[in-house]
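In structure tokens, the next block holds one chain alone, the form predicted on its own.
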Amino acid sequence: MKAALFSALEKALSDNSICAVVTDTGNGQQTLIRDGEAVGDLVLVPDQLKQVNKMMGRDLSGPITDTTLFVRVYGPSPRMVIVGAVHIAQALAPMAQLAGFDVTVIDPREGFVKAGRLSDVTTVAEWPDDAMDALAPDKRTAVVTLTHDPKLDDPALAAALRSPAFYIGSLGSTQTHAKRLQRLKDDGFSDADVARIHGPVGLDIKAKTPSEIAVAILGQVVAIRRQENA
């Protein structure tokens, strides 16, 4: 790898940006693609660049079919922010980690955090509005609220709606969700804004137990992420 390309890769990684190094395995030429710009001596045609961008969106490395090009995607892991150190969170957090997410659980109730099986998960014992400001959800972030408590869920949802988070979900019945949406609209969010919230959260797999509900939530998060990057 040439010095200029290596420097560009180092800069992208230090900025937590997603990028890709494309190598022609036939002649060794390389280029780095980041934010639509290329650095390197390998020139890609539009169709090849489209394939690279699609692979970056999916966080998938590999060859481009019918070419000698290999794409190595670099970038930060997707994130999942869970509000509420409840039983579902104790199942969801390790499942999400196995799926490649960096997970943070927010709950100002230290007793819930300490009692939960979250020793291998980053926890933040702060009110969700403060914690969400610090975490700054981006387009690679999923936000899931699980407390059923408007004092905790609503501020987190409001912060998520003001962000480009690719997924927002909230636990609760259909009736609870309708009341939640009305509170958010009363606070100034539009119908289009609140439509971003998946509620009741998770795929409809008739889940009953905390672990089953966690599976339903993670399945929906992954489906939405892959759908948006298709």
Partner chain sequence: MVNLDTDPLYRLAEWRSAGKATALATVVRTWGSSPRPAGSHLTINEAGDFSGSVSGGCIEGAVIEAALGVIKSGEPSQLEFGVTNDMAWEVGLACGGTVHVFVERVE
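Positions refer to the first chain, counted from 1. Owing to the predicted nature of the structure, the values given are computational and were not obtained by experimental measurement. Each form is matched to the other, and the largest set of C-alpha atoms that superpose within 1.5 Å is called the rigid core.
Below, we refer to the form predicted in complex with its partner chain, which is not included among the displayed structures.
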{"property": "The single option of 53, 190, 175, 61 touching its partner chain in the predicted complex, heavy atom within 4.5 Å", "result": "61"}
{"property": "Its partner chain in the predicted complex reached by all of 87, 125 and 147, non-hydrogen atom within 4.5 Å", "result": "no"}
{"property": "Its partner chain in the predicted complex: contacting segment from 133-141, 147-155, 79-87, 94-102, heavy atom within 4.5 Å", "result": "94-102"}
{"property": "Residue 69: touches its partner chain in the predicted complex, heavy atom cutoff 4.5 angstroms", "result": "yes"}
{"property": "In the predicted complex, residue 28 touching its partner chain (heavy atom, 4.5 Å)", "result": "yes"}
{"property": "Its partner chain contact at residue 112 in the predicted complex, heavy atom, 4.5 Å", "result": "no"}
{"property": "Any non-hydrogen atom of residue 120 within 4.5 angstroms of its partner chain in the predicted complex", "result": "yes"}
{"property": "Rigid core superposed: residue 216 CA moves 2 Å or more between this form and the one not shown", "result": "no"}
{"property": "Large Cα move at residue 178 between this form and the one not shown, threshold 2 Å, rigid core", "result": "no"}
{"property": "Comparison of CA distance in the predicted complex with shown form for residue 100, residue 12, at least 3 Å", "result": "closer"}
{"property": "Outcome for the Cα pair residue 219, residue 64 in the predicted complex, compared with this form (closer or farther; change of 3 Å or more)", "result": "farther"}
